[in-house]
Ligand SMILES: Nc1ncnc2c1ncn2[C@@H]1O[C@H](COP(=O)(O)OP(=O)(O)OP(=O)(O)O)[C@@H](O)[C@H]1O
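As structure tokens, one chain now follows by itself in the form predicted alone.
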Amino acid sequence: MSQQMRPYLEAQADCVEAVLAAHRAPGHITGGTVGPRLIRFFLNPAPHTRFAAIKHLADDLALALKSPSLHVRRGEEGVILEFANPTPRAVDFLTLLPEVRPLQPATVLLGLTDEGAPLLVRLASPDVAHILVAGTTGSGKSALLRTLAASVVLGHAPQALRLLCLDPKGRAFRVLTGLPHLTRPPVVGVAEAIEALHSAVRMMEVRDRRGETPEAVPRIVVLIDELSDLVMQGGAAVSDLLTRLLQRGREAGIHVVAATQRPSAAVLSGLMRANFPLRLVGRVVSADDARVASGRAGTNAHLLHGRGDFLALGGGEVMVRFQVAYIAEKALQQQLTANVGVGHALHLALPTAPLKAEM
């Protein structure tokens, strides 16, 4: 937290306590966190102050804080008040990466949580295995996929982790062309995408038949931009192949990471959606779209700010808000030129501390 931010936070904390006292629901701000997009205050209410009373005052508190909205929820710290950071900041991937080095294999760095901790995801975990990325145009889906790809190629040797990129738009993965981490050049056409998925399924079957463990062979991440578009163009052939990879791929070291605007039942089967244990949800249009994208109600994903503001939703009730660590295509190209092909690999790790953020 910058020194310039401290007077603002102290004034906002005083304001919260004054509003609560005026409505006979006193409480004391005991601490908080400042994230890239969100500020959290931890409130210790007086013994006679009911949680429902504080929640009822959310609009009054937001008005006093000059914030568009304020969310009230329970947490380990007590009552948590969440409101927008008036000076949101970008998270730079290349600046964040050295902070989490050295790291374990098969792990990717995605961004910074609103508790100020790096969000790292271990692909080999049963609670991850495959990732569904959802959000409307401008939410930052393609930027997130580029960040994930950067984590793979800058953090792992090709012998450990490789990429199969399917990109109907032909733009998301072009910077990766020619890298040794790619199983083949980025796939654009539907016919080639179907053939590539067939190859991935055959590889899965061969590894199963031979009893090869993911530790003995390179893991493969199948990156798909615009999943719905690919499924609609490829029809049952694409759906069937993807479903097989989602059901059996993890044991063979194959992981699917797919992005789409809205993973509705009209496009993706229930079986396909059920096999994405981890969902990364950006801004969506409505509360109903938020429920469809996240697979649960009450996430408020329609209130996200876009431009890399995401929720990570794993098993159970775990939900982490984070800002995607951004890396421009030109910056990634420069970094690849400097690092790839010289035997240098940054090994990414997954912490086990409170959602630093294990997913």
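Note that the structure is predicted; figures quoted are calculated from it, not measured. Heads up: residue numbers just count along the shown sequence, starting at 1.
Below, we turn to the form predicted together with this ligand, even though it does not appear here.
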Sole residue of 94, 206, 160, 90 within 4.5 Å of this ligand in the predicted bound form, by heavy atom: 90
Position in contact with this ligand when the complex is considered in the predicted bound form, options 261, 113, 239, 275, heavy atoms within 4.5 Å: 261
is_contact(residue 177, this ligand) in the predicted bound form, heavy atom dist at most 4.5 Å: no
4.5 Å heavy atom contact, residue 307 to this ligand in the predicted bound form: yes
Residue 228: touches this ligand in the predicted bound form, heavy atom cutoff 4.5 angstroms: no
Proximity of residue 213 to this ligand in the predicted bound form, heavy atoms at 4.5 Å: no
One stretch from 245 to 253, 134 to 142, 114 to 122, 213 to 221 that, in the predicted bound form, holds residues within 4.5 Å of this ligand by heavy atom: 134 to 142
